[in-house]
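Here's a solo chain for you in structure tokens, the form predicted on its own.
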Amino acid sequence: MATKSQIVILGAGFGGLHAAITIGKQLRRYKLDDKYEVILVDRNDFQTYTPTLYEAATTSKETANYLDLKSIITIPVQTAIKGLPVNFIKGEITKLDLMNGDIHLAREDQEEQIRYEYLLLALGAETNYFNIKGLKENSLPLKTFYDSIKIRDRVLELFAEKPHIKIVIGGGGSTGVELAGEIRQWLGELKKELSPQCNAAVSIVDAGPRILGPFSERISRKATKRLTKLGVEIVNNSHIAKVQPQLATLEDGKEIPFDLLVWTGGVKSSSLMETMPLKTEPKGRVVVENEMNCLPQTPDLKLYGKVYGIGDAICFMNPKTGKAMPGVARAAISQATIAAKNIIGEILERENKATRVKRYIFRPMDYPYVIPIGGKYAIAKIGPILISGFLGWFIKGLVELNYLLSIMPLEQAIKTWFKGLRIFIKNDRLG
């Protein structure tokens, strides 16, 4: 039996999983699954639905246990690719040889090597600590499901141990804002239920002049007003210079004590991307062209096969603004669609199933987004329309359902969504 040509996708995040599903369906449609297969690689056998991590970090154990939360926030990869010519490999990437087409993996304590004809880099991002002394050692990030559980457990420990609690969130982006609003309300609830004498304070420390810097000033103002109403202190124009146990020191020398520091102040491309012989922009990020294809570091280098990149793993410069596209889920999914269509197009041409194949181009757009800020309140922007309050929160739920329907069978998607809705309705306090 002839060996199948392999389309390897590294990373099962929003973009990577979407690309795997799209390519798998097209291979089946054109009856090419006997000659080609998709190999999807990730260190986890599930995808984390990151927009709900702030919920997991603030959901009481009485409302939902660990397994309940995991079942609605993590999506099994095998469920999403069931019935498609997609082979999932759970493993840690140890080396990428783009000159010879080899990928080295650590899998179940063994080394494994796979080859590719087409490679899609969807490695995502990792927490960026900006080389701030002591920051990584003395803070908790919020990037994974396990991170959210650590935050939740630490808050509960503090309530049991101390009469006064100070929680500092480093970074006023969407993740920091979402967590600050929800944790502020949860602390109020814990005070009533567990420790009426305990006083808890929440603050956001951000380096920029306003929170939600990448968003419009109108969004920032609304978010600031909401957080202030909830009792969250916002400290702007404040760069953290170093962190010691329970103490953050700003560049101007001011000291901010804390019992828990959650760092949401930045992300960077996967460190694996730094080792590849690919073209980069001045900040060191791998750039892609508008077909989502990567280029060799220098013109004389010859890459093996075709290499594409999407999502947080790469840098796409918006030709209209001259700025890098923000790392948002909708952009990663759109980029995945473009890369997947172009890979399939090349295969159809190669197999003489099409005489003229259209090349698809990624065109950035003003993506809709929803920013929940404590309880049943969110700010939703759809085109020029801005919706806030309970209706914004309702739209957030519809966005989550729509995503689950895109990667799960109908019955399972609805079941998962209703389970999450039941838990988070209890969790999301009114007000």
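The first residue of the shown sequence is 1; numbering continues from there. In this text, all values refer to a predicted model and were calculated from it rather than measured experimentally.
If you look for the form predicted in complex with a small molecule, you will not find it shown, but the lines that follow are about it.
J.: Check each of S139, Q185, N342, T175 and return the one that places a heavy atom within 4.5 angstroms of the small molecule in the predicted complex.
T.: Contact check passes for T175.
J.: Would you mind picking the one in I132, V328, L250, C315 that has a heavy atom within 4.5 Å of the small molecule in the predicted complex?
T.: The option sitting close enough to the partner is V328.
J.: Using a 4.5 Å heavy atom cut-off, indicate which stretch of 23-31, 58-66, 37-45, 386-394 touches the small molecule in the predicted complex.
T.: Of the stretches listed, the one contacting the partner is 37-45.
J.: Can you tell me if G13 lies within 4.5 angstroms of the small molecule in the predicted complex, counting non-hydrogen atoms only?
T.: Taking the distances in the predicted complex, the answer for G13 is yes, it comes within 4.5 Å of the small molecule.
J.: At the 4.5 Å heavy atom threshold, is I310 in contact with the small molecule in the predicted complex?
T.: Judged by the heavy-atom cut-off of 4.5 Å, I310 is in contact with the small molecule in the predicted complex.
J.: Tell me, yes or no, whether T50 is in contact with the small molecule in the predicted complex, where a contact means a heavy atom of each within 4.5 Å.
T.: Yes, contact at 4.5 Å.
J.: Find out whether any non-hydrogen atom of G171 is located within 4.5 angstroms of the small molecule in the predicted complex, and reply yes or no.
T.: No.
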